[in-house]
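Only one chain comes next, encoded as structure tokens, the form predicted alone.
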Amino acid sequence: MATADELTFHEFEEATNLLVETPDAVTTSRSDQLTPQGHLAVAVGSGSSYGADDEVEEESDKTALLQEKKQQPEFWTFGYYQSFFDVDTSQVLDRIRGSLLPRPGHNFVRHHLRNRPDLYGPFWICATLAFILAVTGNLTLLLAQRRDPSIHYSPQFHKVTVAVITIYCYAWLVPLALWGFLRWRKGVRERMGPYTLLETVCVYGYSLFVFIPTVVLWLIPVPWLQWLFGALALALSAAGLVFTLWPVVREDTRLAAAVLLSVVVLLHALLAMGCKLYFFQLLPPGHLAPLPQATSLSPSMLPPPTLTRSMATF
């Protein structure tokens, strides 16, 4: 009677001989797939069925992953807006450098955003710019009072509200109008491919960063130097917008492209000049001390000559 070791040896020997005769055979050496006689089950075939099963499993896995990606949270939930702030410090700094150093042929959206626009950078850039505008505007009056005692300084807290409303409305409403116009022009010129609304807002938000150091430099009490710093900041910021929008508007007619870019630069210039004239006016109305004025007396108010002569004798 054969022992268990001998039976196992004969089983492996049979399987080896069968594999030598048919090299394409596939063995299923699992304990739960033993034949009733205790022999190993050997499946003879090309093995293509197993490869097909693997491909089916891979395709099903890919389909499941795509379905998970498509299941985005609703816009009224916190998770929907969380992805807009999913950036790290290195990405934000890279986008700030890209906005400070615009050059032709270097698209800010393609080279820096890379289909991942964020709202973190634009939000804090606008908040910082509004705060610095209000603070430096008050510091300008305080420093002017030390040079001219006739200026009576009082804190102007309303400038904070004005700065916040101005900066955030510009950084949101202007990109919204621009995006809507480009979407409308896409229906006229089918080759145009406008940026998304989030990309447009992101471009405008980062373009305002250059005004933050410029506003601090406006504390220097030299008018021509202030205007020079403002012109340089405006040139850098507007150039970044033009170079970013040019790949989109160049598919349109020359007139439409020229008008659109001119309006973009003009609105940017109005923002810079408005901030300079409103927040950095040295002598605002109502903060000047009234100057002594000479009053002319009417003849009826003059003293009589007799009183004048009597006063002269004393």
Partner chain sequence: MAEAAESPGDRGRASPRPLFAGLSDISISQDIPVEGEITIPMRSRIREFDSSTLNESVQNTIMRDLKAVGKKFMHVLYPRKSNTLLRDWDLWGPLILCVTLALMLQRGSADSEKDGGPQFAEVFVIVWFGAVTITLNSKLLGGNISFFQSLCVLGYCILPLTVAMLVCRLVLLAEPGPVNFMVRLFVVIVMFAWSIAASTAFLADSQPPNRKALAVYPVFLFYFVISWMILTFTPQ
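All values reported here derive from a predicted model rather than from experimental measurement. Numbering follows the first chain given and starts at 1.
There is another form of this protein, the form predicted in complex with the partner chain, and it is not shown here; the text below is about that form.
**Student:** Here the chain is shown alone; which of W172, F243, W227, F123 has a heavy atom within 4.5 Å of the partner chain in the predicted complex?
**Tutor:** Here the answer is residue option F123.
**Student:** Name the residue from L142, L197, L217, A177 that puts a heavy atom within 4.5 Å of the partner chain in the predicted complex.
**Tutor:** The residue in contact is L142.
**Student:** Can you say which of 82 to 90, 102 to 110, 228 to 236, 178 to 186 gets within 4.5 Å of the partner chain in the predicted complex, counting heavy atoms only?
**Tutor:** Flagged stretch: 82 to 90.
**Student:** Although the partner isn't part of this model, could you tell me whether I165 comes within 4.5 Å of the partner chain in the predicted complex, counting any heavy atom of the residue?
**Tutor:** No, I165 is distant from the partner.
**Student:** Just checking whether P155 would be counted as a contact of the partner chain in the predicted complex - the rule being heavy atoms within 4.5 angstroms.
**Tutor:** Looking in the predicted complex, residue contacts with the partner chain include P155, since a heavy atom lies within 4.5 Å.
**Student:** So in the predicted complex, is the partner chain close enough to R146 to count as touching (4.5 Å, heavy atoms)?
**Tutor:** Because a heavy atom of R146 falls inside 4.5 Å of the partner chain in the predicted complex, the answer is yes.
**Student:** Could you confirm whether V135 comes within 4.5 Å of the partner chain in the predicted complex, counting heavy atoms only?
**Tutor:** V135: contacts the partner chain in the predicted complex.
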